[in-house]
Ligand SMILES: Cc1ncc(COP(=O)(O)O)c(C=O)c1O
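Taking the form predicted alone, here's one chain by itself in structure tokens.
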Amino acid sequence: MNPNLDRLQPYPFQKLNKLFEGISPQQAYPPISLHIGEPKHATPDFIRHVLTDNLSGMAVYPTTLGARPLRASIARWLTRRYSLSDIDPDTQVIPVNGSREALFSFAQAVIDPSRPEAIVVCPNPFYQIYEGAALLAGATPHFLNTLPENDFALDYGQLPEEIWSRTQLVYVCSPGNPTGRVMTMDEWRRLFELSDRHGFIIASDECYAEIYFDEDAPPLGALAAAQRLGRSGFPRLVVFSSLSKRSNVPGMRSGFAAGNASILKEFLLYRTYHGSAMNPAVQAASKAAWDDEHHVIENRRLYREKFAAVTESLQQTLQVSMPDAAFYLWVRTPISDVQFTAELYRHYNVSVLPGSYLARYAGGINPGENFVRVALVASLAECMEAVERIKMLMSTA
């Protein structure tokens, strides 16, 4: 067996299940699940119809690169969304089976195991796929703590030059999971400068970029930042996005990787052997989804309504503020985040995720401690009911 498998840590939801073992929640309260970032808004009818109308595509093998109409649709969307001058659908876009799969496999393709002590840098807290991808590629993850006193910004100075000099890959997530923070142009500029100096590749996870609260201020993306800084061809940069949150189709497993053509050429070679071609019916439905913005605007309206109501009510009891984007609230707890989660489940049958489960100890701290991640994916009524139960818990704390 691959010995690196022994380096993997339990997934956060495995830890949560372990925490809940032996706890019998109060049955007077119907369960409300806010611990997992699974979209609950309805899948648009037109996407479902296109999917079923193209089931004849099941009779053919899809290509790893995907159909050109889908790649062209993604390229058009990128140019519209980020005001890019040009994206080549033939060399700068690859459809993928969800951003999770691609974010993991990307590390396997780009890490050079012949170089000693390879390092992958990740934000902390973080999406655990980054860590697992690094470990199974034979690299060692190092973490950048994102802290409330620094508005959860990436502080590159936390790592010494000796670490940066051995870094081969940096994962960033903007809007962030779990903080919802959007990286600024200055953060991108400094990261690009580090990449130029040390030669590492940047993987930008942007799967939450279409859930934001001001229609006139969409989050800045990595490709847009690179273009504004004159970085022609997006050197050492690949972004990953997905339809799961944007279009409420997590079960379709559809997203894309886009950016530097040279890196994507090698990534495509890896994927050819990896066996990760997208279902033709899913490709057709994905094209329809990327071509339409009306359903995405409505999706944002639903989240905006929930965030406004929940944040205003929850602020009466806990330290919480609106994120820049995404569908999580990163809530500070007055007691241990693990204890808070267990007591909320035991007494009020509401499940949230302890922040410490989403982070690692680095620099002497676990930056997720005394926070919980609350995914506002349920209906407005359920979210507001969960808030009332949280307030009841706090009144007895």
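All residue numbers are counted from 1 along the displayed sequence. Bear in mind the structure is a predicted one, so any value in this text is a computation, not a measurement.
Heads up, the form predicted in complex with the named molecule isn't pictured, but that's what we're talking about next.
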TL;DR on 315-323, 140-148, 201-209, 291-299: the one with heavy atoms within 4.5 Å of the named molecule in the predicted bound form is 201-209
Interface check vs the named molecule in the predicted bound form: of Ala226, Leu78, Cys173, Val282, the one with a heavy atom inside 4.5 Å is Cys173
Heavy atom within 4.5 Å of the named molecule in the predicted bound form, from candidates Thr179, Ser242, Ser286, Gln92, belongs to Ser242
*Applying a 4.5 Å heavy atom distance criterion, does Tyr127 contact the named molecule in the predicted bound form?*
yes
Review point. Heavy atoms within 4.5 Å of the named molecule in the predicted bound form: does Gly37 have any?
Key: yes
With the partner left out here, check for me: in the predicted bound form, does some heavy atom of Ser99 sit within 4.5 Å of the named molecule?
yes
Is Arg253 a contact residue for the named molecule in the predicted bound form, using a 4.5 Å heavy atom cut-off? yes
Restricting to 306-338, the residues within 4.5 Å of the named molecule in the predicted bound form through any heavy atom are Tyr328
